[in-house]
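Take a look at this single chain, the form predicted alone, given in structure tokens.
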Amino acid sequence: MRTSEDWHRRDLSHFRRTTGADLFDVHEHFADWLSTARPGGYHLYEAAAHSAPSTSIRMSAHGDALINLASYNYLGLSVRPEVRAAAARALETYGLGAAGSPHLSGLLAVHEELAEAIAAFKAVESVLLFPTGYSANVGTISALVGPGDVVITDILAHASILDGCAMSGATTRLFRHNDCESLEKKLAGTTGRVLVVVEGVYSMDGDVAPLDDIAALCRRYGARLMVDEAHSAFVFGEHGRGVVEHFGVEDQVDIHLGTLSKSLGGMGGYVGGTRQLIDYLRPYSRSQVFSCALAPAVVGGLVEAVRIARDEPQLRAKLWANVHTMREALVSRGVDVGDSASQVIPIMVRDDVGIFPITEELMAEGVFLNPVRYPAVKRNQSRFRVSVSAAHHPDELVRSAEIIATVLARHGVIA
């Protein structure tokens, strides 16, 4: 009889397809596995919070607040009073939802205000909004390329990029992570129309794409370049315009894509570029055309969040000071943080089963972190992912690093 100790012998890959006579046969096998996986700690993938994603968070209705190192709220904007007030005003004016596609009845004046604000911030001619960052990648890529075209992307590209490639019908080729020599080999061996897609900051490793070299290669081989700045827009660069500004290649990037759920603290995605590009994408991006427009309360809050990000550059300065504090506190205690050069700091555990009890102990000690394992990362590359915020107090970060190092040492992850 299977016990709760046996669940780790399988993972999600074992239940993706079924060979049974009935399409639903696999559900029973998955339910059987899940019944033992949950007692083993697998439920931590979906731990429900009972408070806002601020620098402290409650994971139970009556429990103590934990130091929150798991939220994407990089600038702390989702809980700013001004943002909440702007969301409330939009809710009062427009109601709960847009109640329609942006191409029919769902386009509201506040949507246009947000698109114009992001375009001005990113210094592009025009911006198209999407309901999620995922749909922004899927809709943009599948609208721009098709059968006969080629998309070349990093092997660690986000699932939304890979899904957009698959949906487009274009040939997809992968190059080694952040390896320009590998990218050049792919470009040199490709003919026809080519789109190169990379991320500014990679969400599981926190490392930065060498955009200056990538942009130069795209120009040399006549490829178009798309950069997903989900984790870098509003954070990197002198004015917060992202890694494209950090490397000085804004005018060499054809498609600027990002999310509204991270540094701005809301939800949604956007793509920016020339007015001709956006006018073309507007009717052909199916994930935007056939989705309800973003909820007006969220959009109203985002308009204010963009204003704060523009007018308070000290937020970015505070964030980078906190990043330095956290990274130094972890490294000095022997914690492996990989090659992170951003506010996303991985804590490498490399134990796909042992990471769950470590998570429980961290929570018991007062730190909230998510266990990240396959399929989000490769097998035996499990990790925690620290998300540093401008709103964190340095003392919180140092205290968290002490707790993390103590717990990891207790489990033999560090000496």
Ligand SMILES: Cc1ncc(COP(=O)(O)O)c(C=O)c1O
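These numbers come from a predicted model, not from an experiment. The first residue of the sequence shown is number 1, and the count goes up from there.
There is also a form predicted together with the ligand; it is not shown, and the following applies to it.
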| item | value |
| --- | --- |
| The ligand in the model of the complex: contacting segment from 310-318, 238-246, 110-118, 225-233, heavy atom within 4.5 Å | 225-233 |
| Residue contact check: Lys262 to the ligand in the model of the complex, 4.5 Å heavy atom | yes |
| 4.5 Å heavy atom contact, Glu199 and the ligand in the model of the complex | yes |
| Touches the ligand in the model of the complex: Gln252 (any heavy atom, 4.5 Å) | no |
| Any non-hydrogen atom of Ser287 within 4.5 angstroms of the ligand in the model of the complex | no |
| Triple contact flag Ser160, Ser203 and Gly268 to the ligand in the model of the complex, non-hydrogen atom at 4.5 angstroms | yes |
| Proximity to the ligand in the model of the complex, single hit among Ser340, Ser291, Ser142, Thr132 (heavy atom within 4.5 Å) | Thr132 |
| Residues of stretch 65-92 in contact with the ligand in the model of the complex (4.5 Å, non-hydrogen atom) | Tyr72 |
